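Shown below, as structure tokens, is a lone chain in the form predicted alone; questions about how it binds or moves come after it.
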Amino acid sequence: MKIKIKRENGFVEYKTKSLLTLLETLEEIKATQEPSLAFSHGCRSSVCGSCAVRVNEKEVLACAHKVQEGDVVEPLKNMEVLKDLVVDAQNPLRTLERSGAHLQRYEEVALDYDDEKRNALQSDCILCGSCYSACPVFSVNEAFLGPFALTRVWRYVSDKREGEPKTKIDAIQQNGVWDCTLCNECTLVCPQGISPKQDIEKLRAKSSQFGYMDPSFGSFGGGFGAGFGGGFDGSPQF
């Protein structure tokens, strides 16, 4: 079996055994052919998210992807490549800081079963960065908060225990909720089945409740919008 891996000087083709997962294949290549090959991994169980890469132009977890003849393996997009398949995963984490994706003011509120399930899926994010890599908006706007941060903002905005949801809505108006194209690429690559697109649509609806609107509408009707606001955990192997 042959696969291609993007390295510092371009794509390199390797012959390998027909192994079960891409991670096992990378380890076999590193052990027997190319000791300098660099990639990241952690739990080996699709929990930590640190082994995320792109295969045939789609984001996958290396520990879960079954290798096929002719697979083309690349590092994640929209992040600085440190070496081979290892990327600097700090940019997605910084979007969490800028978006305020955390519980800001806790209120003691009784939750029922529906309340508990409302944002449970968003809490399953494993920080793999696949949605961040798949997002096409970053190619034209590096300041975009992106699906990674916005879906986590919804996780807290939808939590009844958050005492200041408007603060979070305020923080995502610029380079945020309205800049998304709703292309759904983020949803298609999420290994946890989370749909950032749906979460962003909910954030838009919540934004409207707080008096915001799509800024692009403001160019119609002579200022129509006047008065409105606005695992990566795991150790790289070198």
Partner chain sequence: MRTDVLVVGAGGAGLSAAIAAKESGANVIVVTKEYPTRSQTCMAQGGINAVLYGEDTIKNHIADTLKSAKGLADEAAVETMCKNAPDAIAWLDSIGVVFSRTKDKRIAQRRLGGASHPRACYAQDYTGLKILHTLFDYANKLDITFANERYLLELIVEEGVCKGALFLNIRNGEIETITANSVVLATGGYSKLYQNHSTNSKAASGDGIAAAYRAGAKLRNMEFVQFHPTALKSSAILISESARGAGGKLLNSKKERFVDELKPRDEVSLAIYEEMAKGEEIFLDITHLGEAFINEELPQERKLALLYEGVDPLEEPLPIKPAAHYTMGGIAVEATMQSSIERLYAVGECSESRVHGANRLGGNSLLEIVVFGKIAGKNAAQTPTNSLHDLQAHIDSAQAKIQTLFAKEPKRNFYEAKQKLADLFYEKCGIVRKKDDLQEVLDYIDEVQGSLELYGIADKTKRYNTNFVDYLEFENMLQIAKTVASAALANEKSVGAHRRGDV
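From a predicted model like this one, the values you see are computed outputs, not experimental measurements. Positions refer to the first chain, counted from 1.
One more form of this protein, predicted in complex with its partner chain, exists but is not displayed; see below.
In the predicted bound form, its partner chain stays beyond 4.5 Å of every heavy atom belonging to residue 16. Although the partner is absent from this view, residue 209 stays clear of its partner chain in the predicted bound form, with no non-hydrogen atom inside 4.5 angstroms. Mapping the unseen interface onto this chain, residue 90 counts among the residues with a heavy atom inside 4.5 Å of its partner chain in the predicted bound form. Although the partner is absent from this view, residue 205 stays clear of its partner chain in the predicted bound form, with no non-hydrogen atom inside 4.5 angstroms. By the 4.5 Å heavy atom rule, the three marked residues 31, 45 and 111 all count as contacting its partner chain in the predicted bound form. In the predicted bound form, its partner chain lies within 4.5 angstroms of at least one heavy atom of each of the following residues of 75-111: 82, 83, 86, 87, 88, 89, 90, 93, 96, 97, 101, 102, 103, 104, 106, 110, 111, in sequence order.
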